[in-house]
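In what follows, one protein chain appears twice in different forms, each by itself as structure tokens: structure 1 and structure 2.
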Structure 1
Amino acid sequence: MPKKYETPLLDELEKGPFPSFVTEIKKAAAKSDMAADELGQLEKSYRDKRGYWKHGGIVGVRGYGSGVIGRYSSLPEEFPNVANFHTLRINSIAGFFYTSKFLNEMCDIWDKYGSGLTNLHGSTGDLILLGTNTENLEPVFAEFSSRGWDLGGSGSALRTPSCCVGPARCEWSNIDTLDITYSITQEWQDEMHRPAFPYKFKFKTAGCAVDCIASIARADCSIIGTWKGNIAVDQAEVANYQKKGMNIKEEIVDMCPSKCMSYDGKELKINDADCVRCMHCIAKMTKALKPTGEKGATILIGSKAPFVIGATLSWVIVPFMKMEPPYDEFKNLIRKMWEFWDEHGKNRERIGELIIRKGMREFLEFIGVEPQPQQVKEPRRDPFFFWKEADLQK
């Protein structure tokens, strides 16, 4: 029987309507010595208002440099069963679809070799197996990989790509987000499992500008679906929305950022040449409005959390690219970007930070993309600009 800890502080977090993570840890702690010590150490953290985990050290499965996050208790005498308590990242399914059969198998393996605790999912989108000791890592990997599952990324490597639900269950997706995610994941297994980059690299693919996967905020490369044609309007459905109480002028026309719509009570008109494809009208009137024409993606680069230069949002590199299997144009562009990063990037420098340091021109010339007004909000406002010898000869 695992050790039973008194947890008066954590018990307070079992009260209330929202499902409790404490209850989850307790369920696992009834069966697992590791989960029991995790619970005990967490209660101590709540008492002392500080964490007791250490990082560092090289730990993993044979032949891989990523997929396992080393974690050690800083109180190993007090909590010996979590003295080493590493996380495994299992590469999730694109779109986060699962079957009961797989989930049950996963639980059987994880109860046998680990704490019985998981995260569905981690922030990057991996299926997280939360905590086991060093000697269990190989067995867990053998069990999963023999069933067709693999580890995700960690460290200075390609991280597990993720995407929105896309064409699987959404009418707005302009690109096949699941297929793109699957394709780039399979293409770059080596880059994911054997860290060789200056730092981490994340892909996130969103089917439209609603961006349900937060790609523009959380991916070094954000792939956001868009289109080039007009928005088709079904006037009968527009009338239905009005009948059901929608104030089309206030809620749709007046909220259009490019002021390209008008409504006279009978007909909704769109000046498509002025539309910036923000998705507001389509999201609010999904039965009435549909994008038509050529579909593709905007490719943006550079978003990340605050370290080191402050948080960044991704910015446009390629305004429009067709995204059709096997995605060679996209993959070749990414290879060029990685070559630039590999050549110039410093240790722990994200690709976006490098572009800011070296300048967009260096980057765009290296990857072979022309300067375009879609890449900036406005032209520079300072009078300081570089001229290269070739520019002077023009």
Structure 2
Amino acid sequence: MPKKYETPLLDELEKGPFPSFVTEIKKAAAKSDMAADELGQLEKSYRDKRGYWKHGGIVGVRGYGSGVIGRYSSLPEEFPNVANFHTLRINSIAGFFYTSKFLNEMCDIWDKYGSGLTNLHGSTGDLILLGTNTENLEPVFAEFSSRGWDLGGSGSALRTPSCCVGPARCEWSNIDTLDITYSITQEWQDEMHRPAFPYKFKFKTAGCAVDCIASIARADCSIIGTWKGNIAVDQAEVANYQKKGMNIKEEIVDMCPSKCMSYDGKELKINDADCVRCMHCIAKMTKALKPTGEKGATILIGSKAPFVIGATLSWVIVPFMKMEPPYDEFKNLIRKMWEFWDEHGKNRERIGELIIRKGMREFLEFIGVEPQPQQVKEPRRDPFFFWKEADLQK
């Protein structure tokens, strides 16, 4: 297919040492009129310094209220092939383990019905298919569902749960992140496909506090693997790290957030009572240190990107919970959280924003979780204590 548009501004983004999304769009544009028009409209946006996509729009497939993001061009006469440019979210498999057979099938289907442009993966974790028209939504969904794939979440619904690779490839994982994500996905299909929440809700599961999935910054509910026992220390391996040039005091001891470690040049000591299980020392000295004892997860709530009150990190609700199938304790806790959100949440208010507005005390009382020191995110803002009669009777 001959080049349809001149793109001098976009061409600039291909210069330099790093890969460019412009190059990938051009590859798709070589065989897709839709990708070519998307390239032309994007060049015009750069030239005019404004966007030409209309805001929102309700579109979907039969029986589903989410999974398709409606997008329409505000210049349909000039760029007719992107008059509709809808995005589909495909529910990704836990840990992002795809077969080459599926990836080939996916690309063939998308070349047939869409622009050929993909994004692996979106911020929620879905496999993103960028750009198709309204008429092709049902056929492309039928193609994917016939092969066992489903749409992900979008809108004011449960978004597609995602996780790190966990025990499949990582020796640090304290929980089975893959099974937890699969169980959550199967349990709450309706909540994913039929939006009924005040706003979006995301689960992300990390096998340890290294948090490769960035759950603590991007998930309404973070499930982070942890342990209850001490950190086992192999002093011979500690000595090997020192011999190989590691400055243990500067790189390990001084970097400990709770200052629970000491090193005299011969022996590394850990005051496990003060350890916050951050994983820094274990990640840096894999052969010398390892967690022991009972494994489980810390449950956190409330992180999100900026919207009403700015970005927030999630904070601890349950310091330690056993995460074993069928995960009933965890699921019942989430249902109580959703009940609180459903009763008090405003339209387009994330659950973390609601907790900040109503107060952590009211939230904890509603979900039936006792206050604990690990839940303290910042010092008290006032010097007063308020007691209820039920508290005084205990």
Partner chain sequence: MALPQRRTDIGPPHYKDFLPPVIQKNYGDWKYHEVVNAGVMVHVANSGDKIWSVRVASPRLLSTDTIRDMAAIAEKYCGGYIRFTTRNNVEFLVSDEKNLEPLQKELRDKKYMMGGIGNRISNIVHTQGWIHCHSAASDASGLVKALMDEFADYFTTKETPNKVRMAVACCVNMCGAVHCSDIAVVAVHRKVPTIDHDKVKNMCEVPSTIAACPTGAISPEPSKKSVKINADKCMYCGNCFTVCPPIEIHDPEFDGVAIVVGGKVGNLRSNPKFSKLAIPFIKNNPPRWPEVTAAVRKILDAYVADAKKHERVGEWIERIGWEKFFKVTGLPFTFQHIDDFVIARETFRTAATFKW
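All residue numbers here follow the sequence of structure 1, with the first residue given the number 1. Each form is matched to the other, and the largest set of C-alpha atoms that superpose within 1.5 Å is called the rigid core. This one's a predicted model, so the numbers in the text were calculated from it and none came from an experiment.
Visitor: Out of structure 1 and structure 2, where do we see the form predicted on its own?
Guide: Structure 2, which is the form predicted on its own, differs in this respect from structure 1.
Visitor: After a core superposition, would you say E12 shifts its C-alpha by at least 2 Å between structures 1 and 2?
Guide: Yes, E12 moves 2 Å or more.
Visitor: Aligned on the rigid core, do the two forms place the Cα of D382 2 Å or more apart, comparing between structures 1 and 2?
Guide: Superposed on the core, D382 moves its C-alpha less than 2 Å between structures 1 and 2.
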